[in-house]
Ligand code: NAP
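The chain below stands alone and is given in structure tokens; this is the form predicted alone.
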Amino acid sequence: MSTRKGGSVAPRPPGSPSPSDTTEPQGLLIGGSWVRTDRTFDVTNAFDGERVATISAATADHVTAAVSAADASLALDFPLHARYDVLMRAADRIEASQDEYAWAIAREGSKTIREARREPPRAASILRQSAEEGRRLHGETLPFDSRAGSENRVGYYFRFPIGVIAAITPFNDPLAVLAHKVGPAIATGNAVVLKPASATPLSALRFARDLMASGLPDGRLNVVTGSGSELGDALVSDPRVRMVTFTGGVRTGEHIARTAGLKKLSMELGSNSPVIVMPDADLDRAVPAIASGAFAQAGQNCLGVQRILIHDRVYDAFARRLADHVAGLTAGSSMDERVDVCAMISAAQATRVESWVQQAVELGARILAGGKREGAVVWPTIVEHVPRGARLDCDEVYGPVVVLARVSSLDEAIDRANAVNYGLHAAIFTASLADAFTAVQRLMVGAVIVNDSTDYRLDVMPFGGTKSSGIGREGIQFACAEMTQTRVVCFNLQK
């Protein structure tokens, strides 16, 4: 694949490490033991199809064994101070090997090497914050004498672990998302069965190795790798699993909800995030922020910008500037330091995105930039005049495509932003506090980002959305609360 600017495909750079260099553990982790299986699957680099590693494939029986190991581990004492120390040591190990993590993430997944380097420090920070938050969980005394007849009663409540937690993680942030699930779970005294995305298991296996080397008791973290369609039902339906935390697609989330039974669910299911650009927006600030939010990770980001709702007065200027910005981006190998947009996770996903763009064009849309595909690489694409109801308008494209739409007022922009069945993040660029607060009040989403992209997340935020974007909240403090239950203690001090 030859290179040129403006959505060109860059080849694998000379001298970049070969996928055969991967030396991660490649078995399942069950009850503290690494288990190899006869059945395996290959992890491949999406850009060139090269094999990165061969991984053991679990069966439903392995899932049952992993849940049994997790359940049995809860009978053994694992006090708060020990949980704190394990997470802190694991964070240090991740930081010490962050280059190896970054190479694994970029080779197995869908991030450029520059993007991948940001994940290990973030994961280490999440573990440290989880350890600290575990220390802050506490109960309170209760005013039993507030009701007549209870004058002689005193008591309090405290929090205790929910038990076995099934954590199912996606390919797009293969290390940070699992840290968001496993860190709070361990900090609050639970045991975890982790099912990472089959496309990106290497980060999870290395992460598990570092936790075990940091002193995590056997069974507190178990990892099963393989097909979600084969393993998922056995995991989420097991009655010993008391909570499922899942990040992924809406259809899978709905299936989990139907299958899981009576247990806690925490699910982040994506979005097609809108950004509103008002006439007083600082376009020098808005254009690069929105472009980054749209095209980072090849657009495979639940917070990624998909719909840009631009006021008439600045539409032409904004569209021109965004197209000029995109013309300077380079697509290609995730291992190339020069690349801005790498391959999508698979050629099949890239073909799907291409078909969505073609459908919009057939319905009257116009491509301002990009619109091309080569293998798993989709050029950064800008589309305008997309009719309402087209898939690019109302579904989650999960690829490097943005849709521009003209609006004549803030009211129209908010109505269009709310018109879909998603509500994770939204953003507005404006110099007006009144307009910003109007958007905050009326946008039906989990977060409104003012003068920045929707692709902003602080790990302590209560992270989640409305409608089909999911249920529950992540973010360290909020995940710790979700992963515990309250227990009331009441003493009757009759004299």
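Computed from a predicted model, the values in this text were never measured in an experiment. Heads up: residue numbers just count along the shown sequence, starting at 1.
Although not depicted, the form predicted together with the named molecule is the subject of the following passage.
**Q** Since the partner isn't included here, can you check whether the named molecule sits close to all of F171, K195 and G270 in the predicted bound form (heavy atom within 4.5 Å for each)?
**A** All of them do, each having a heavy atom within 4.5 Å of the partner.
**Q** At 4.5 Å between heavy atoms, is A281 in contact with the named molecule in the predicted bound form?
**A** No.
**Q** Is there a heavy atom of G226 lying 4.5 Å or less from a heavy atom of the named molecule in the predicted bound form?
**A** Contact with the named molecule, yes.
**Q** Give a yes/no on whether C302 approaches the named molecule to within 4.5 Å in the predicted bound form, heavy atoms considered.
**A** Looking in the predicted bound form, residue contacts with the named molecule include C302, since a heavy atom lies within 4.5 Å.
**Q** Quick one: is F246 in contact with the named molecule in the predicted bound form, heavy atoms, 4.5 Å cut-off?
**A** Within the cut-off, so yes.
**Q** The named molecule isn't shown here, but in the predicted bound form which of E133, E396, E115, D210 has a heavy atom within 4.5 Å of it?
**A** It is E396.
**Q** Could you check which residue among A286, L424, I126, V357 gets a heavy atom within 4.5 Å of the named molecule in the predicted bound form?
**A** The residue from A286, L424, I126, V357 that makes the contact is L424.
**Q** Report the stretch among 384 to 392, 185 to 193, 366 to 374, 270 to 278 that approaches the named molecule in the predicted bound form to within 4.5 Å, counting heavy atoms only.
**A** Heavy atoms within 4.5 Å of the named molecule in the predicted bound form occur in 270 to 278.
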